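Given next, in structure tokens, is a single chain: the form predicted on its own.
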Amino acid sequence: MIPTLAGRLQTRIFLLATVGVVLTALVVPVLPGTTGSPARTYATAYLILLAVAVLGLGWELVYHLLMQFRWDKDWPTIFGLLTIVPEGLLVWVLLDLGMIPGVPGPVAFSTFAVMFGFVWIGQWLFVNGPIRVFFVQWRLRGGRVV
């Protein structure tokens, strides 16, 4: 079954709140360009993750609109992977302009790119594999987690 808009929104929030949180915790200690206390680095990383979650809900609306022009109303899997580019660019621009609330000072691009890429690829891999094992009914309910 093709994921519904509600299913994609739920899946995105669920993945960021579970897989994203765990992957962020794993990658923060090895991020390049971080200085200062580890607590501040973790706080900044999780604020960026929260910004990705909030902005991602808006992206899902855009993707839903674009999918209406496809005959099967779905993305090929590679399109799901390539969405890393516009989403990452938007978050980086907002971060660079200081428009993400609570993020103290500038964040190095290398730090952002490693964190965003690691978390994004991890979530994409999870949604294209393990989620189908752990949540057997996920696909049959249009991608809804709840």
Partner chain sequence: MLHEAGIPVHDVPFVSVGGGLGSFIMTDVLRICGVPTSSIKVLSNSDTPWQTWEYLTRASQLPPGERIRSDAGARPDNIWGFPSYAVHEAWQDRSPKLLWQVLVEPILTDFFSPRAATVFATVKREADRISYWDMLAKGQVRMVRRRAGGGYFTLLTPPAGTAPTKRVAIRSQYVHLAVGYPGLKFLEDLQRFRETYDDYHRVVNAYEPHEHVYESLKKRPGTVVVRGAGIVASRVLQRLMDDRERYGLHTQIVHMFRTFVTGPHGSGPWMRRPGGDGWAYQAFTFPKSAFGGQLKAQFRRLEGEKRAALAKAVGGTTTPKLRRWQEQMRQGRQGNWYHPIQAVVDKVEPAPDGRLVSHTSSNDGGYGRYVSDFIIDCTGLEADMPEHRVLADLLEHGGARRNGAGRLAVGENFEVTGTASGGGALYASGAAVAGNHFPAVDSFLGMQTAALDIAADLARRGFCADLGPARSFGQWLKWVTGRPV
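All values reported here derive from a predicted model rather than from experimental measurement. Positions refer to the first chain, counted from 1.
There is another form of this protein, the form predicted together with the partner chain, and it is not shown here; the text below is about that form.
Picking from 76-84, 99-107, 45-53, 22-30 the stretch near the partner chain in the predicted bound form, with a 4.5 Å limit on heavy atoms, gives 76-84. Across the proposed site, 12, 41 and 122 without exception lack any heavy atom within 4.5 Å of the partner chain in the predicted bound form. Contact between residue 18 and the partner chain in the predicted bound form is not found at the 4.5 Å heavy atom cutoff.
At a distance threshold of 4.5 angstroms between non-hydrogen atoms, residue 113 is out of contact with the partner chain in the predicted bound form.
Taking the partner from elsewhere, residue 89 is found to have every heavy atom lying beyond 4.5 Å of the partner chain in the predicted bound form. Taking the partner from the other structure, the partner chain in the predicted bound form has a heavy atom within 4.5 Å of a heavy atom of residue 67.
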